[in-house]
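There is one chain below, alone, in structure tokens, taken in the form predicted alone.
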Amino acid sequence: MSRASDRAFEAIRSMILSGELPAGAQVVEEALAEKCGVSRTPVRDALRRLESDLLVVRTDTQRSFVADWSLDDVADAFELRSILEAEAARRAADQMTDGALARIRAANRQIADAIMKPVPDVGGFLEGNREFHAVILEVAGSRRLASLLGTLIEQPVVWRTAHHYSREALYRSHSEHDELIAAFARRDGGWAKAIMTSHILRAYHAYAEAHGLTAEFQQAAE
């Protein structure tokens, strides 16, 4: 993959995750090529990668759009995350090192700094949260697990969830991270797995409540 393709991929991905390219928006190669400062070929390559990451969908007429997630898609993503990240947490606890634990604590301090500002710094929260979960996945030491989780953790739904969190919900997320740190410090895989499961499922309900989906989700589950 060329540097131009990589540059286009990172730029377009950032536009999607930030909401600059909203869900359902048509992705026009010419406009993106101009914005990214590349030709259309690297943009086309980037869109193929984004399609495989489920961030872009292509229609039968070969037009590309930013993926727009249905309620079932959202619920499915969070359910899969709860299973896979819980397993990653269990493995990470069993293999945790003092150095990795220090990095996880530092990421959670970054989260605390972000949410204690007069106006919570959601970007700072997301950056710290991404690092927190990335270190856990790194310590778990499974490339297959990392690959499976890669497309789920970076979905726009994660970005949107955080931007709908109340300050109380941000504090609760930070507190759950503290519990995970306690489990990692004791190398207790079962405890870490249980906390991570509830942590991800609570994040789903925060998303559902913010978008008025809770009752609809419950009806669909019955």
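Not measured: the values here are computed from a predicted model. The first residue of the shown sequence is 1; numbering continues from there.
Another form exists, predicted together with another copy of the chain; not displayed. Remarks below refer to it.
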Answer yes or no: in the predicted bound form, does another copy of the chain come within 4.5 Å of a heavy atom in every one of L84, S142 and L145?
yes
Is L101 one of the residues lying within 4.5 Å of another copy of the chain in the predicted bound form, judged by heavy atom distances?
no
Consider I111 of the chain shown here, and say whether it contacts another copy of the chain in the predicted bound form, taking contact as heavy atoms within 4.5 Å.
no
How about E131: is it within 4.5 Å of another copy of the chain in the predicted bound form, going by heavy atoms?
no
Indicate whether another copy of the chain has at least one heavy atom within 4.5 Å of a heavy atom of A194 in the predicted bound form.
no
To test your reading of this chain, name the stretch in 76-84, 102-110, 115-123, 131-139 whose heavy atoms come within 4.5 Å of another copy of the chain in the predicted bound form.
76-84
None of R48, R187, K35, R172 but one has a heavy atom within 4.5 Å of another copy of the chain in the predicted bound form; the exception is R48
What residues, if any, in 176-199 have a non-hydrogen atom within 4.5 angstroms of another copy of the chain in the predicted bound form?
none
